[in-house]
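Listed next as structure tokens is one chain, alone, in the form predicted on its own.
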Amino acid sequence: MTLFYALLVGVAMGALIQRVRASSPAMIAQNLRLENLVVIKFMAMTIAVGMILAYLLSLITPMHFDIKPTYVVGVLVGGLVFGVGFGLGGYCPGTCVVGAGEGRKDALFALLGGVVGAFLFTLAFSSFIAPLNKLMDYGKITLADVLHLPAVGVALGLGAIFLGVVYLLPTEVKQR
């Protein structure tokens, strides 16, 4: 049953990605140039709604959140690699799957590049990436831990901030 729910969420997310045209490299480029913020607003809203729902559900049913360790250097290097690939290719992992489903050939190349990149990451992990992660490893911390507040309260507050920013940001930015 869990796989069925995951499939429903995946299909819904794919439909929404297509609806906001986040599977279009041209739309991604407009967002990266801050000319059209629809994809940025969509992702912020997705994060906010998902965070709020997950933590509210955790009050009703037992849930296990697998908190990943905070590797500052590893996250910075990974973010740089992801950002460069995102900017050059015009796709992130989710949007290239949707683009491939739409029949975009460039999305297939982005998908292939992601698979090759994951393979190279796996090969390089023990010799290069694992030592890099140890440089500034803060362990499994959360914002709620740092603020000494209940996780549900932090999720509701942060979600509200994200939704407020989505509401206040314009979708189309006027050029000077």
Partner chain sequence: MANPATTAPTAAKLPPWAMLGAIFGVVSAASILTWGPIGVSGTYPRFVGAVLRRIVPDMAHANPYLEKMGSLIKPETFLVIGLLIGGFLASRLGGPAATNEAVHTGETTTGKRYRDAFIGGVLIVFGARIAGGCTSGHIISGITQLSVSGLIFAAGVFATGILTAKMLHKGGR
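Just so you know, these numbers come straight off a predicted model, no measurement behind them. In this text, rigid core is short for the largest set of C-alphas that superpose within 1.5 Å between two forms. Positions refer to the first chain, counted from 1.
Quick note: we don't show the form predicted in complex with the partner chain, though the next part is all about it.
> Can you work out whether V146 and the partner chain are in contact in the model of the complex, taking contact to mean some heavy atom pair no more than 4.5 Å apart?
Yes - in the model of the complex, heavy atoms of V146 and the partner chain come within 4.5 Å of each other.
> How about G50 - does it come within 4.5 Å of the partner chain in the model of the complex, if we only consider non-hydrogen atoms?
Within the cut-off, so yes.
> Since only the chain is shown here, I'm wondering whether M13 would be in contact with the partner chain in the model of the complex (any heavy atom pair within 4.5 Å).
Output for M13 is yes: heavy atoms within 4.5 Å of the partner chain.
> Does the partner chain come within 4.5 Å of any heavy atom of P131 in the model of the complex?
No - in the model of the complex, heavy atoms of P131 and the partner chain never come within 4.5 Å of each other.
> If you look in the model of the complex, which residues in 9-32 sit within 4.5 Å of the partner chain (heavy atoms)?
V9, G10, V11, A12, M13, G14, A15, L16, Q18, R19, V20, R21, P25, A26, A29, L32 sit within 4.5 Å of the partner.
> If you line up the core, does L132 shift 2 angstroms or more at its C-alpha between this form and the one not shown?
L132: C-alpha displaced by less than 2 Å between this form and the one not shown.
> Is V11 one of the residues whose Cα moves 2 Å or more between this form and the one not shown, with the core superposed?
Yes, V11 moves 2 Å or more.
> Inspect the rigid-core superposition and answer whether the C-alpha of L120 shifts by 2 angstroms or more between this form and the one not shown.
For L120, whose C-alpha is compared between this form and the one not shown after core superposition, the shift is 2 Å or more.
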